[in-house]
Every structure is written in C-alpha cells, then in structure tokens.
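Before any questions on how it binds or moves, here is one chain, the form predicted on its own, in structure tokens.
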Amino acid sequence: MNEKGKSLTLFTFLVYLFLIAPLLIITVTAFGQSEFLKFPPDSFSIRWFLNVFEVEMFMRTFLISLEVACIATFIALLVGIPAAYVISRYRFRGRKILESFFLSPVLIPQIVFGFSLFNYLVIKLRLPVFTGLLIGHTIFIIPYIIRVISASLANFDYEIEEAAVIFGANRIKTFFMIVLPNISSGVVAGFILAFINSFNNVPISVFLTGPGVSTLPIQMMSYVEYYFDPTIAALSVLLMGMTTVLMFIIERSLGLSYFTSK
C-alpha cells in the first residue's frame, strides 16, 4: 500500500472513531455502578437499566412518544403513498413544484420549522398540545415516506398496471391489487424510518409539548438538568438498541441502498 493509501486508511479510521467513540463511551458508562457519570467506571452493574423502568415520567412519556409516532406515521402513509405514486407515475406541469412542496419540511432547519408550527398551531389556532404535536410530527415525516416509496416505485414496471387496466380492472383496484403489493417492502421501510424520526425528534417536539404532554426525548433533556447519574446513558443504550433493530428490519426488507439511489 502506497503512502496515499495509508493516509486515506488512517483518515477513514479516525472518522469512524470520531463517530463511534461517543456511542461506546455512553454504552460503557451505562453499566457503571457509581452514582454519577464516570468513564471508565470502577465497577459494572445493570442497576441503572433497572432504574429506567422505575422512573414514572420515562414510562409515561415513552407511551406518549409511541402513540404520537404510530398515529403520525399512519397518517403520513395515507398522504405519502398517493403522493409518491402520483409524482413517480405521471409527468405533468408543476410536478417538480409539488415534489419540492412535499419535501420542504426536511429542507427547512428543524428549529425554524418547529418555531413556525408553534406560532401557527399553538399561538394562533390554540390547538390542544397533543393535537399540535401530532400535526407537527405528521408534516415532518411525510417527506421520509415519499422518499422511500418513490425509490421503491422507481423499480416498479408500470406496464403490469397497464395490462391489468386493459383486462378490465379500474385504476383504484389496480393500485391496491397490483401496485401496492409490489411496493410493500418500501411501505414497511418507509413506516419504520418515519417512526424512528418521529419517536426521536427533539427540535420540533420542544416547541409543541406542554403541560401534561411531553415526549421521551424531551423528558430525557429535562432529567439531565437535575440528575447526573447514568440513568440517561442506560436509556440511551436501550433506544440505540431499538433503533438498531428497526434499521436491521429495513435492511432485510428493502435494503439501505434504496435510500441513496435514485
């Protein structure tokens, strides 16, 4: 290996180390025995993992985050699947504008987007906290649904759909009987990716949560303001494990190359 290759290998190693080291530190710290965050820990224990399930506010906000993420993702699918189909299937004037409109929530900084939703949903419309939070998350994750399903539709042969229409099936029946089954893996992957982004969201949720209604990531931020024990590290490890499992399901069902192709 020449000097250029060695330098590139070293640079790549340092980049991966920079990305992975914080996760490794958090994981090791979570198994510490001491009453405060310490790396490396003097002894190892699972007491802080057990403590996660004893903190009532974590359990309550986990259920709220789960409910918001599931409902928002379901609504986003109802909007995103037809939108992705129209954008991928037809060529019409204003198609690029429509595509940009649906993708705009991820192009705007989340802090700006969250503050805008706060001004409109909370200040002007005075919607209930849960309703505003649900609307904000739904709008935010629709682009992820459209992006993944559009990538799946890019590999679909529309001649099959046309053949079904020729043999007498109407467009709606053809969509549910022909198109949707062929992109089912993309729908599953889109659901999981949108769910992860909704569940873990902080910048938007921090503007839309309120008294009695908060999400788990926001509650974790509040916890570290008053406590410095490894409970948050343990909870972070559990969330990383959940995210890893979901991403593994995405890879097995669709393949990560779908997110970078097209």
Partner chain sequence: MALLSLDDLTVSYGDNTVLENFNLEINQGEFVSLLGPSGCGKTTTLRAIAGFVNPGSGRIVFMGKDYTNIPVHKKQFGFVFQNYALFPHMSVFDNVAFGLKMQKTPVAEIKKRVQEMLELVGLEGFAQRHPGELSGGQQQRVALARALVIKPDLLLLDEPLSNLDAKLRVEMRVEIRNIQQQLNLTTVYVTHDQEECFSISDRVVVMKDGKIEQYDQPEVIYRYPMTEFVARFVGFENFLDLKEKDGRLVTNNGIEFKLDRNDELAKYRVAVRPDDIVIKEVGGDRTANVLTAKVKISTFLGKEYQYLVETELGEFVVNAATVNRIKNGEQIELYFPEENIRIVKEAL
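Bear in mind the structure is a predicted one, so any value in this text is a computation, not a measurement. Residue numbers count along the first chain shown, from 1.
Missing here is the form predicted together with the partner chain; even so, the following discussion is about that form.
Scanning L77, A169, V188, L153 against the partner chain in the model of the complex with a 4.5 Å heavy atom cut-off leaves one residue, A169. Among residues of the shown chain, I178 is one whose heavy atoms approach the partner chain to within 4.5 Å in the model of the complex. Under a 4.5 angstroms non-hydrogen atom cutoff, the partner chain in the model of the complex lacks K96 among its neighbouring residues. Residue contact with the partner chain in the model of the complex: V129 places no heavy atom within 4.5 Å of it. In the model of the complex, I71 stays away from the partner chain, with no heavy atom inside 4.5 Å. Of all the residues from 125 to 163, those having a non-hydrogen atom no more than 4.5 Å from the partner chain in the model of the complex are F156, D157, E159, I160, E162, A163.
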